[in-house]
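Before any questions on how it binds or moves, here is one chain, the form predicted alone, in structure tokens.
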């Protein structure tokens, strides 16, 4: 990072990070929405969304599926695991649009804010909400592709939060919805968990108030961040049964050093914090003065709520409580010992369940 000096104040500037490139994430397009006002009062002068599409939009423009991304994730995991002719998300039948959320490192984010966005680089990046992502997605689909109604909105974890936001904010635009392993209103437990993730990063002296010169300067904090994910992202049974052995690791320590730690240490700390702030405050009841029943009652889509049975921070009971408030919704539970991070699709039994539940939904009238 170099510093731009204005008077006596050095302003942070964007930094390079080789992880956020086509080499690691494959093909995607950067599509500009121009100036974008945020719900918290900030502004992104030139919001650019990283978008990957699969399949062809039909003449009626009624075969579009929107896929929303989770914390730390990009379109890459969906391309590699969820999308294909042998899956429910079949590009031979549907036009599938995966939109990388704001702040995920590929779309406009703290570490890559340059040009028109130079004034919001790094520690100057404004707070973004789940609602901002969804408004940006709606604008993108409408203005760039001419899509006014979606055959399906689907996403996991933070992507589920975005899916619920679509169901409540734009109910007439969503025919079907499938929030996977995520809730419409974040819980106090989840808020505290995410705060621990945040503090693992910000407590590293190398973080330097968010104005480090490279993500490598915050490696210790990112490793602590990964360690907290190990405790909650995977279930107690995952560790008790040593499921990591099936992933070809010889020890628990080798799994941490060979999988979780390199996964997170490659990422940008400010980008992770941007997403964490959103995650903590995900709540569709913001639209209804705090009344969750009224908010979820707006849903008009046919919905499948899909929790994971061993998920330790979006447990099944939390999904069931919201299901009772959501019209046109039914629940299907995924059985997977990995817990929340089953979303990576590592277990061979995971995707057949997801495909079954999504295919049921896509085959249903809506």
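Numbering follows the first chain given and starts at 1. Here the structure is a predicted model, which is why all the values come from computation and not from measurement.
If you look for the form predicted in complex with a further copy of the same chain, you will not find it shown, but the lines that follow are about it.
Although the partner is absent here, residue 216 is not a contact residue: none of its heavy atoms lies within 4.5 angstroms of a further copy of the same chain in the predicted bound form. Remark: residue 205 counts among the residues lining a further copy of the same chain in the predicted bound form, judged by a heavy atom distance of 4.5 Å or less. Using a 4.5 angstroms limit between non-hydrogen atoms, residue 191 touches a further copy of the same chain in the predicted bound form. For the chain shown alone, residue 321 is a contact residue for a further copy of the same chain in the predicted bound form, at least one non-hydrogen atom being within 4.5 angstroms.
None of 104-112, 270-278, 231-239, 145-153 except one has non-hydrogen atoms within 4.5 angstroms of a further copy of the same chain in the predicted bound form; the exception is 231-239. The partner is absent here, but in the predicted bound form a heavy atom of 224, alone among 173, 79, 93, 224, sits within 4.5 Å of a further copy of the same chain.
For the options 31, 312, 329, 57, the one in contact with a further copy of the same chain in the predicted bound form, meaning a heavy atom within 4.5 Å, is 312.
Contact with a further copy of the same chain in the predicted bound form holds for none of 87, 138 and 141, as no heavy atom of theirs lies within 4.5 Å.
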